[in-house]
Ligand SMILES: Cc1cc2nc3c(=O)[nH]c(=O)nc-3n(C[C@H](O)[C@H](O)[C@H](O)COP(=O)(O)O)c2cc1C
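Only one chain is included here, represented as structure tokens and corresponding to the form predicted alone.
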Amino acid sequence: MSIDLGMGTASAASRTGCATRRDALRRLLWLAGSSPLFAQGQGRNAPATIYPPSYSEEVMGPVNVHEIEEVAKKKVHPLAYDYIAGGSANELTLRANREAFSRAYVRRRVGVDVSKIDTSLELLGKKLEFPILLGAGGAKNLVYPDGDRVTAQAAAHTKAIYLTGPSDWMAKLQGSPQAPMWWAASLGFATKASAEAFARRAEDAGASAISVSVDYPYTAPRDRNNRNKFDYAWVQTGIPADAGKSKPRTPAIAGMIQAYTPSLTWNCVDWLRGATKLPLILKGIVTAEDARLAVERGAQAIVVSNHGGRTLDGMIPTLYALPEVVDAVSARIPVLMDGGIRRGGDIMKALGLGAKAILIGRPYYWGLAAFGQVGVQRVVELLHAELRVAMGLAGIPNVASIDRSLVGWYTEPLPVNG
């Protein structure tokens, strides 16, 4: 998306739908969370003014993703919050993902014309307005009724790619204004028949790509869930009012081993490549060795991911793993990244280290839990706005001009507080 910060004559009130100019000016208080609606200053050197979307005062109250999380925490059941927020074991990887961003600093440039900020890009043949995708994740019903469908509606509204599983309702949406761009997401397949069946469902439901997480052979020990005796049946039903009063049917127990896809091998890539013409993305790559194998096997994109700190604890943070994977791929296929992203500046650092785009998970879950569909939209728009501002301040007019010279590293991390 290209944003012109130069001259213009359009009325701010008319461009935002505000009833009066006074109301429009009041909305400048929300500069950091603006939508792509800009009103131009009068005169070449007049400051540009940025206006946010017209959501309710409640939705516009939180000024960043962290504050949206605080709203969500108050609205959802404590067991649901722990399920979404938690990581595995000691949560070392969960914290390390965030801490890595505090070790990276921006080497900004000056004397660059940033009157136009362009965040658009092309990814697997699709033109995107910004490099922010809504990552795959289950258990949305824990935080909001029919959460998967509601998130899809938000994705359609913001034009963000959404990763989710094939469904009948998604198939029915295809061709309508409510249909989002989406990638069919899976945790892998044990047999060729199951891989082929999934590929057919993905195509029939209108997916534009298939994403397979290759890092989930077992469910890792998650102390928060174990402590809460979390019932995994609640992932589909939501947490009942009498939770904690009755014995869970399938409680999380310390030391329990839950197999997911322990027999997943590189053969799965071969099965899918032979079953579909859709682009294939492998998610969960953190080493150069696996990155090269992914390219050799025919993957058309990689997502550097440690599953948000929810699988093996003590893994490398994704921001640290990103340059190694990018170098191994050597620009043959795009590399994406997830893990720990909470601000637009985080996105810019990831792009600087070679990510083509990023995926978010917990941030949009908090938006969903806090405000439903508009909460997800608000998170996407807020991060997009912060990215644009960060690029402007760093002397970067477009994402294509971002390279590794943008990022340096502190010897010690700064405190992670937002």
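Just so you know, these numbers come straight off a predicted model, no measurement behind them. Start at 1 with the first residue shown and count on from there.
Beyond what is shown, the protein has a form predicted together with this ligand; the following relates to that form.
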*Looking at 240-248, 77-85, 224-232, 328-336, which lies within 4.5 angstroms of this ligand in the predicted bound form, counting heavy atoms?*
77-85
*Taking 4.5 angstroms as the cut-off for heavy atoms, does residue 361 touch this ligand in the predicted bound form?*
yes
*Is residue 187 close enough to touch this ligand in the predicted bound form, meaning at least one heavy atom pair within 4.5 Å?*
yes
_Please determine whether residue 136 contacts this ligand in the predicted bound form, using a 4.5 Å cut-off between heavy atoms._
yes
*Is there a non-hydrogen atom of residue 147 within 4.5 angstroms of a non-hydrogen atom of this ligand in the predicted bound form?*
no
*Report the residue, out of 344, 340, 131, 180, that has at least one non-hydrogen atom within 4.5 angstroms of this ligand in the predicted bound form.*
340
*Scan 213, 119, 164, 158 and let me know which has any heavy atom within 4.5 Å of this ligand in the predicted bound form.*
213
*Taking heavy atoms and a 4.5 Å limit, what residues of 294-308 are near this ligand in the predicted bound form?*
305, 307, 308
